[in-house]
Structure formats: C-alpha cells, structure tokens
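In structure tokens, one chain follows: the form predicted alone.
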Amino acid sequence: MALAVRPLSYALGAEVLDVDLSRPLTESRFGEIYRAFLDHGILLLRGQKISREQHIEFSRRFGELDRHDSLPRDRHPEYPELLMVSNLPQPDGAPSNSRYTGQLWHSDLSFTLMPSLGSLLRGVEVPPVGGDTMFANMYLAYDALSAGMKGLIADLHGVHSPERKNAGMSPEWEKENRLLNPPVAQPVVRVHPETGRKALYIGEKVKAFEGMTDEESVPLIDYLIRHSTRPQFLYRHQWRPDDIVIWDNRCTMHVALGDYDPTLRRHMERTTVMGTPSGHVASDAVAH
C-alpha cells in the first residue's frame, strides 16, 4: 500500500499517516517517506511513542547526524546526537540554556560551514496551549521575487551569526558561543542539492551582507525576511505530545513562537542531519 499523506497547508507540509516508528521500517517505505520529505519540505508524524534510541536510529536513515559540537551545552550528556530544546531547569537549578532556542527566524546550523540537511524534532512535553512553531517555504519565497530582485541578490552572501534570543544567558555561554561559532557567510540564494530548485537562504541571524556595511544591508535583509514570512508561504504547527516534525533546512526556515505560559513545561528533543559544505568564514570587515 502506498504511503498515505495529508497536506498540512497550502504552502508546505504533509502529515504521514499509518506509520509507527516503534516498529521496523522497510527500505521501500522509508524511500517513500524521503520522497515525501523532498516534495513537501515538512513531514508530521503524530503519536510516535518511541525511545531516544529509536529517535536516533530513525534519524540516521536521513544521513549522518550532527553531534552538536557547536552547541555543547544544549546536547544530551549521554546522547550527543540529541539537542535539548527545553525550558526545564538544569540539575543545579539554573535556567535552561536552550529555553529561547529557535525564537528567531532561521535555518538550523546556518552559522556553520556544514548547514543541516534536515531536523527531526520530537515533542516530549508540550504545554496545553501555545509553544507553536512556524515554518516558511523558501522555494515559494524565492519564486515570488521580481526578476530585478533576483538579479540583485544572486551573488550576495549573508553573514550568519550564532545569536539566540537569549536574554539572561550567562557571559560564559556568550563567550563560548562566539569562540565556537565565528560568523559564516552563506549565499543568499542556495540551490537545493537534490531537487535543483533555488531557495532563499536568509533569516534573523543574518546581520549584514559580506562586503557591505550593516546600515547598507539591514533594509534589504528586513525586506527579504518580511517577504519570506508572508502568510501564503507559511505553516503553523500546534504541538501535541509524541509529535515528530521533520523539516528540510535547505528550503525552509522556522521560528519557535514562545507563545505559551513560561511556567509550564516545554521539552523537545532534536536530531540534526548533517548537510553538504556551504559558505565560508566571513571576512573581518563584517565579522563583528
């Protein structure tokens, strides 16, 4: 029987039906899942009561997994393939380092020289209301630009920083983050290595274009982000416990909305599939 999927929105995304990741998955069935991943940009699998080991095992079928060396304080101490996206306090009672993770429009690991192919996020504990994640289809965003704008941005490189919406983060975390992750320049227009389609590669971690000042860059960056996040390009995911959402970082960007009571528990666990090399360390002129 062919894989059953249900569209999640006009712009992107599909729910995969009748797949239980706690049971063995044939190569043929995984091939169908991967084709749906390329076709839809986001896949949702609900009700997946799986272990951490099963989460990692399934994720590895998409490719080699990142061990999150660029974010060592956020990974699980026993499972470095798992990034904790959590507001639960640390063992010593200190606030979670990752409580603000994702609250800027971004694509995962864009600030590294090996941006992510895809991410698989599992909802372990979610608030009853809010804590949503929004996704943007960057193929559609690029396609909707005028010919003049496409020409203007064709050769630009955006400088991506590891910035986080991190009010209250420790100075030690900030220093470590800057040392581990120097600013990286990525092409503003990337060609998807599997589909061959062009997509915008922009987000709120881009502070300037290489070879341009911040003042020159910001108006165009702001426009491209506003353009990419128009309602017709978006899908908003409302989390349920045991959801797994898989997204293609090469043609989407996303944001965690933070739209929930912060006294409630929100704990997610993410695997990150490594992609192909991209970008270069930014020139000193803009790496500040």
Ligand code: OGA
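Only a predicted model underlies this, so the values are computations on that prediction, with no experimental measurement involved. Sequential numbering from 1, following the sequence displayed.
Here the subject shifts to the form predicted in complex with the ligand, a form of this protein not shown in this document.
Think of it this way: in the model of the complex, the ligand has a heavy atom of just one of 74, 132, 81, 210 within 4.5 Å, and the residue is 132.
Contact with the ligand in the model of the complex, defined as a heavy atom within 4.5 Å, holds for exactly one of 85, 206, 136, 184, namely 85. Contact check at 4.5 Å (heavy atoms) against the ligand in the model of the complex: none of 68, 160 and 162 pass. For the ligand in the model of the complex, the listed stretch (219 to 227, 51 to 59, 251 to 259, 28 to 36) containing residues with heavy atoms inside 4.5 Å is 251 to 259. Within 4.5 Å of any heavy atom of the ligand in the model of the complex lies no heavy atom of residue 127. Using a 4.5 Å cutoff between non-hydrogen atoms, residue 123 does not count as a contact of the ligand in the model of the complex. Among residues of the shown chain, residue 247 is one whose heavy atoms approach the ligand to within 4.5 Å in the model of the complex.
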